[in-house]
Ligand SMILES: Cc1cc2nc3c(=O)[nH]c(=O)nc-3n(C[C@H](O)[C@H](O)[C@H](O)COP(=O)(O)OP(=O)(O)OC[C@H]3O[C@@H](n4cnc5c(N)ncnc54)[C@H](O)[C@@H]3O)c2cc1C
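The chain that follows stands alone, in the form predicted alone, written as structure tokens.
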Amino acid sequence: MNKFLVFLEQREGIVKKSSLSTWNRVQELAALRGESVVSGILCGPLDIQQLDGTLSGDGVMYHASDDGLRLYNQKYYTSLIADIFKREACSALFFADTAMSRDLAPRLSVRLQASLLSGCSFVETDAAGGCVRSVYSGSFLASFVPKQRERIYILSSRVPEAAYFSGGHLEFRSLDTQSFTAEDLFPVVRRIVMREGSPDVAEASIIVAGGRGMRSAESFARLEQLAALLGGSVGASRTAVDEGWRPHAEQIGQTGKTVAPVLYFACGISGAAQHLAGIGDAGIVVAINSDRHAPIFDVADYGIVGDVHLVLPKLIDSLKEFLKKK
């Protein structure tokens, strides 16, 4: 019997949507393979009621609720997940593609002597347990096969949230953790919050992104205003991040985050291949650029040829008028 373990990441006590989607995708994989059991693990304090109606299928969810695990701790997260993986004799461990998983999965790969396959668009249902992922900025699909019996998969967030959902019973079990000391935990020097209530760019259903055409960090204030009106998040191209206009956490593209929003605004972004690789699964793409030959228009559903600094104020004013009438 195959036993799968899924790590569900929380931030500020809220489980990430990408982790919920990963759980449901693994449940679908288990159903297709047959005779497979899915378990999950949560680290840190949170209200488990938030998971009602979001998780598919049957299984056991292990919860280490110690307050010392509220923030990511490499040592204890690795130890807890490895212990559960070994105790349950699991064959595969699954993560959503996040900054935390990219740090955590390689550590577990070494500790568990498991093959690590990252950026997986989907996992094969056969016994080999291979995965398919995009390569060369999304130009091709390649298949990879693990060598070890134990496997660790990082599922690409480019894939939209799985539609598969089946009813079932989820059993929650508390995990007893050892006492934490000041020497064990990493001290928090400073905590930076970009904007309260703004979803992570990888989780947002609406993204307003800016690039070189924004010209300065101050110009992103207009993008923040538009994102606030739409209930979305602000993103950035690599150029905007390299210039120091926006933090790396907002970078979208091959060297940043891959996203799948319902609506994506590309403001002053030319559309380099590396950036397009990160928005391949966006729903509706709206591009604003002064260069009518910019590659971004090749993938845009709607395009506005014009100076982004002149177009954005008019767009914001029109949206405000529209919202007043609603």
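Note that the structure is a prediction, hence the values are computed from the model and not measured. Numbers follow the displayed sequence, beginning with 1.
The form predicted in complex with this ligand is left out here; the points below concern that form.
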Seminar exercise, completed: Only hit among Leu55, Val285, Ala294, Ala260 for heavy atom within 4.5 Å of this ligand in the predicted bound form is Ala294
Problem set entry | Answer option from Ser118, Gln251, Ser134, Thr98, heavy atom within 4.5 Å of this ligand in the predicted bound form | Gln251
Exercise. Heavy atoms within 4.5 Å of this ligand in the predicted bound form: which of the stretches 313-321, 20-28, 6-14, 300-308 has them?
Worked result: 300-308
Exercise. Is Thr239 a contact residue for this ligand in the predicted bound form, using a 4.5 Å heavy atom cut-off?
Worked result: yes
Exercise. Does the 4.5 Å heavy atom contact test between Arg215 and this ligand in the predicted bound form come out positive?
Worked result: yes
Exercise. At the 4.5 Å heavy atom threshold, is Gln225 in contact with this ligand in the predicted bound form?
Worked result: no
Exercise. According to a 4.5 angstroms non-hydrogen atom cut-off, is Gly256 in contact with this ligand in the predicted bound form?
Worked result: yes
Problem set entry | Heavy atom distance at most 4.5 Å to this ligand in the predicted bound form, all of Gly211, Ser270 and Gln274 | yes
